[in-house]
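Presented below, as structure tokens, is a lone chain in the form predicted alone.
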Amino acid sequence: MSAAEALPATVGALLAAACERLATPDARLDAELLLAHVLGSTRTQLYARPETTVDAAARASYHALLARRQAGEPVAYLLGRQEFWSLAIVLDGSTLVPRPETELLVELALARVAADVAEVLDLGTGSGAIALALASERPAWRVLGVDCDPAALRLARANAERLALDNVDFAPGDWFAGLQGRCFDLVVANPPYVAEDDPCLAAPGVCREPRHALVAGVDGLDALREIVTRARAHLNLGGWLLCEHGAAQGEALREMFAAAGFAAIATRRDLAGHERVTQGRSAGPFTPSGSAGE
């Protein structure tokens, strides 16, 4: 008898066995999401009919997904999607899974720029989640997402096409490389900000995400330093830079923003109370380092 055939045959029994098997804080949620995916149902339908018999083929598919989850693969990769800002973002394992806390970056970006028309840049766009959220909320904004990973760009473009958003575009680029002479009203970034020896990199889920999208040097600040240092040369007068970062990096980011000549510097906390997004405004003309003036 195969492992799948040995699984209980009803929805309720399958979920109970899966929770015991996964044995993680989110075991119940993971088990429900994966079973609903296999059965093409909703979690509510699972609750309503726990006595429903599940056929052998579906049990085999469920068994395979549970094994992959046990091995540390993110649920979002197994489902092939993740909801972000009410949008269903398709994923294929080539980018990070969009986090709920990143919605704070979107919320603040929308609040900072009141104009109906604006030029917006999303650095390190990955799946395109942030760019797509902004484009969906502000149809007259022109949003550009850049990423150095061709696989990420293919995914972002596919998400934009599926969501029928025509005010967003994606282009290859290593942060501001390739954007010489272009300025924006708003620049947002959720770059890698994990230190290379951080134990969180071994955590379930995270261990299967692309390392290059997570790690940024010894202290996790390499990408943020480059972005903050170079951003003012690409911001219109009064334009905003907003960067997501780690919970313990707020003070370092405020110092970086100040050194780069930003005004109105502030760090906002996420729903868990952690410092998560630092923002600053370009309040004067940009002067390259070594030139007179501010």
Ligand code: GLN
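Please read all numbers here as calculations on a predicted model, not as lab measurements. One rule holds for the numbers: they count along the sequence shown, beginning at 1.
One more form of this protein exists, namely the form predicted in complex with the named molecule; it is left out here, but the text below deals with it.
Exercise. Report whether the minimum heavy atom distance between Ala213 and the named molecule in the predicted bound form is within 4.5 Å.
Key: Contact with the named molecule, yes.
Exercise. Spell out, yes or no, whether the shortest heavy atom distance between Asp30 and the named molecule in the predicted bound form is within 4.5 Å.
Key: Asp30: no contact with the named molecule in the predicted bound form.
Quiz item: Looking at the partner-bound form in the predicted bound form, is Thr95 within 4.5 Å of the named molecule by any heavy atom?
Solution: Close contact is absent here: in the predicted bound form, Thr95 is far from the named molecule, nothing within 4.5 Å, heavy atoms only.
Exercise. Using the partner position in the predicted bound form, report whether Val206 sits within 4.5 Å of the named molecule, counting heavy atoms only.
Key: Val206: yes, in contact with the named molecule in the predicted bound form.
Self-check item: Position in contact with the named molecule when the complex is considered in the predicted bound form, options Arg182, Arg142, Arg99, Arg162, heavy atoms within 4.5 Å
Solution: By the 4.5 Å heavy-atom cutoff, the listed residue in contact is Arg99.
Quiz item: Only one of 193-201, 115-123, 154-162, 168-176 gets a heavy atom within 4.5 Å of the named molecule in the predicted bound form; which is it?
Solution: In short, 193-201.
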